[in-house]
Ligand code: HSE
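Single chain ahead, by itself, as structure tokens, in the form predicted on its own.
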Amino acid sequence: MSSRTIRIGLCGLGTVGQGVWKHLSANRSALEARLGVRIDLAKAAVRDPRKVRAVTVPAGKLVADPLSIATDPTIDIVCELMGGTGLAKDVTLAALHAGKIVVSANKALLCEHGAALFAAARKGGGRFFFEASVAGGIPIIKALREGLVANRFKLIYGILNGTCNYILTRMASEGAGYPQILADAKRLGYAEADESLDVEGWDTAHKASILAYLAHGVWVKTPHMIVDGITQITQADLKYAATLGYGIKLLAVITRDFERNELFVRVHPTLVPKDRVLANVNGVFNGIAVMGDVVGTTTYIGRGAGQDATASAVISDIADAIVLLTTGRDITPVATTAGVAELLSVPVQPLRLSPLERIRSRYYVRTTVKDRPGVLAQIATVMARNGVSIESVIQTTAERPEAASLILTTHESDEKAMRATLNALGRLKSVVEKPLLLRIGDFSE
């Protein structure tokens, strides 16, 4: 074994931080033998050093100020595991400016400040590793960055949030309502006390932004995405979807039009055909399908969250960082807007966001209307005026008195036309509840 000692500092010792400390401590000998170094868990920054934790950390290694770890010249690798975009950003930038390697699981920080973080790494000579920021234990970032580097990606789509997948899975299998299962998810630790980041789609959107950067080299922030959550999904929607041959999953969808050089990122509940792999990814598991122009479609499934899955990804990045420190061998650089074309010195144009009229799909629309003659004709007229063609209609009695539920599916249309259609439907006096719009994910593989 080399005489070199790699000193690691953890900024944050919450659920993930404790998992990293636990597994690094337990597997230290095997990792040291494999990597040819000594590993020293040197310091951990915590808010309250007196707090009782599931791991035992010597008191002398606990510090209150994470910035002291970021700027400590004896620390080789800084693990930012605090979360948030305030102090976490300051710590990460300080470490990168000091030329250190930073390992992070912070998807919100990357989504909001990724460009600044990578610029700081280039300027200061540091490196930024972030495998744990997307899909927990699934090595999707390594797959895009290394294993699939020869490919261009027309389509990437997947389940990136275990909380939402757990809720939708139980709703579909047990027939229980969203509020009851959300309460169970909180009790079991699958959902936070404030669940909005997960169930409203923002956590998935942050992860989708990172995947879009890796695949296409540009940062798409959430205001430029479509982001819908699962809070309006009902048992009726799940049953209607099943009748039509679909399951409902919250998906991130990243599409690239190489002819027009356009990109779009969206997050929304999606009807997925039951014979597709992702329709059968259940519980807290994540699943991601990547369509490459060379390899075709590859699919990755695994635990997307939790202490052990995320700690596994963090430790994987720590191992890569140690290889870089001891051998100078860097990982394959992340993709740029040019991708393979850049490697071949082919000039390319900057990527643009696709306009809504070029984001095409089939759609599912559920609306509650007054149960009287002529209402369906009104609905059909509104859709026809906006160029939307109805494929099928299911009408059932609604829970409200003297009301009916209309479930319509459309032939292929586009986001601009569907937005106009929903706005017009919402203005009809015969429509008594805001219509629900879901996309139908007939992804060609």
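These numbers come from a predicted model, not from an experiment. The numbering used is simple: start at 1 and walk along the sequence shown.
One more form of this protein, predicted in complex with the named molecule, exists but is not displayed; see below.
Considering 270, 163, 367, 209, which brings a non-hydrogen atom within 4.5 Å of the named molecule in the predicted complex? That would be 163.
Considering non-hydrogen atoms and a 4.5 Å limit, which listed residue (129, 190, 118, 202) is close to the named molecule in the predicted complex? Going through each option in turn, the one that passes is 190.
Does any part of residue 198 reach within 4.5 Å of the named molecule in the predicted complex? Heavy atoms only, please. Answer yes; at least one heavy atom of residue 198 falls within 4.5 Å of the named molecule in the predicted complex.
May I ask you to check whether residue 287 falls inside a 4.5 Å heavy atom distance of the named molecule in the predicted complex? Residue-level check for residue 287: no, no contact with the named molecule.
Within a 4.5 Å heavy atom cut-off, is residue 100 in contact with the named molecule in the predicted complex? Contact check for residue 100: no, nothing within 4.5 Å of the named molecule in the predicted complex.
Contact test in the predicted complex: residue 266 vs the named molecule, heavy atoms, 4.5 Å: Heavy-atom contact with the named molecule at 4.5 Å: absent for residue 266.
Pick the stretch from 317 to 325, 154 to 162, 121 to 129, 257 to 265 whose residues have a heavy atom within 4.5 Å of the named molecule in the predicted complex. Residues of 154 to 162 come within 4.5 Å of the partner.
Those residues of 102 to 120 which, in the predicted complex, come within 4.5 Å of the named molecule by heavy atom: Read in sequence order, the lone residue that approaches the named molecule (within 4.5 Å, in the predicted complex) is 107.
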